[in-house]
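Only one chain comes next, encoded as structure tokens, the form predicted on its own.
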Amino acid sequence: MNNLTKARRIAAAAMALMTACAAGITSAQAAPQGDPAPQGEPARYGPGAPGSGDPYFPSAGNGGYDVLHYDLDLRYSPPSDPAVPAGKLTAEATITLRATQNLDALNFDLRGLAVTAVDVDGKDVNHGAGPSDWTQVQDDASRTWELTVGLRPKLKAGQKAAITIDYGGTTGRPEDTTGALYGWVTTADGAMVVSEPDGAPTWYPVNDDPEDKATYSFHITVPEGKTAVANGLPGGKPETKAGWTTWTWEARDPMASYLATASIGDFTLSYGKGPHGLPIINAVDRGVTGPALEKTNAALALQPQMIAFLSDLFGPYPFEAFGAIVDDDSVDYALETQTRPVYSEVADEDTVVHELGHQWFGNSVSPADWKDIWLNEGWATYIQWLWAEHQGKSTVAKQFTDTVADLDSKNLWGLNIADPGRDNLFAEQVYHRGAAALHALRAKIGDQAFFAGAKEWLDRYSNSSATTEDFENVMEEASGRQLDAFFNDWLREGDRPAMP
């Protein structure tokens, strides 16, 4: 068990439940009725599915429930030897959820960390193999990392529960299927936490499905002198006791699991405001110096202008805060972690506006499956083009022409960006062919229909997820035109598409 007392655990579960109810959000707004039984027979119960059904990551995510709120209590010791990337994480997660079917067991994704205790609504669950016990399987070869929790009493469809899990272990530098670092990446001075696509289970038990969005509370305890930065807004002043400081952050907007962060390091925090008083909180590692710091500061100073520009084009900024986490770790990474993107070493102007664009395209409206990622990256890249034109650096038309010429020279038209394959999620074509497709669409249907369709897309699927087919339908509605041939040409077919 962690050091939290049973009373503290029950109180945490109750508070999480209250937070979730107040938020009133779920990825499926109306809970289904569960598994009906023939009239006169008892209701049928079963386990939730151990995967969400994404073809690229079949074991990621879980079925049978919708998470409403994660309350994460993390205690982290960075590496004692900066040359050895091994930290120590001891944690407790209280997960408030609502059953979407009649459940006698459910699963969470958790990778590389060992569970020590589980309770449901304040009642301990035994560790074993019985129907009411919890078990943990970690199979790296099959990328299956499942914590199964038996439920006694069983959970009816529509019922809520708060499940508290104690866990921990040694952190390292996990890799995705391509060998790139992701998840809880241990650094010399702390941790850089960037989880796209399926790295969230490396640091907390989770329903790792972009369609299951939830609110979050973070309580991150680190050695005095270290700074912990997460999504959303501070939940009070940091508290220091006996050489340890606890940082609290509250993310009250629905968020996909891969967008959560709890980065730790030698950060300096700065506070500013964007349009309409939007809080902007930046965390820059003290190891970022010289030209990298100058470039970073210049780019971050443009955040209020960028937010105003994109709000005029696409509607109000969708969340409660914005900002940045700039780490001096040499991972060469940038990720649109919700409200507070993470950058390694430097945040330049193009990357900052790209990650800001993701707050609308990718964070507010997330991909229903990972094959739909071009809707994230194509839009964020196109937003870079729009910003460059706004700044007088280059027209969108020229950037389109240059991109097409580059794709021609590299013979990169062969990839179906609407279904690129698991290990091509971050291929160049997903970004550049995606952006070019959007500009070609704009040329085909006109500015009025294009930007009206973009706004409708964001309004219709705000705080949820959607597919490429959903996007096509919205653009057909906005333009009054049938666009199947266009989208097949620009997204799916392997030949050079017809130029506008």
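Don't overthink the numbering: it's just position in the shown sequence, from 1. Everything quoted here is computed from the prediction, not taken from an experiment.
The next section is about a form of this same protein that is not shown, the form predicted together with a small molecule.
- At a distance threshold of 4.5 angstroms between non-hydrogen atoms, Ile325 is out of contact with the small molecule in the model of the complex.
- Shown alone here, Lys371 lies farther than 4.5 Å from the small molecule in the model of the complex, counting heavy atoms only.
- Among residues of the shown chain, His358 is one whose heavy atoms approach the small molecule to within 4.5 Å in the model of the complex.
- Using a 4.5 angstroms limit between non-hydrogen atoms, Tyr182 touches the small molecule in the model of the complex.
- For the small molecule in the model of the complex, the listed stretch (148 to 156, 235 to 243, 96 to 104, 425 to 433) containing residues with heavy atoms inside 4.5 Å is 425 to 433.
- The partner is absent here; in the model of the complex, the one residue of Asp119, Glu211, Glu196, Asp253 having a heavy atom within 4.5 Å of the small molecule is Glu196.
- Distance criterion of 4.5 Å from any heavy atom to the small molecule in the model of the complex singles out Glu336 from the list Glu349, Glu92, Asp329, Glu336.
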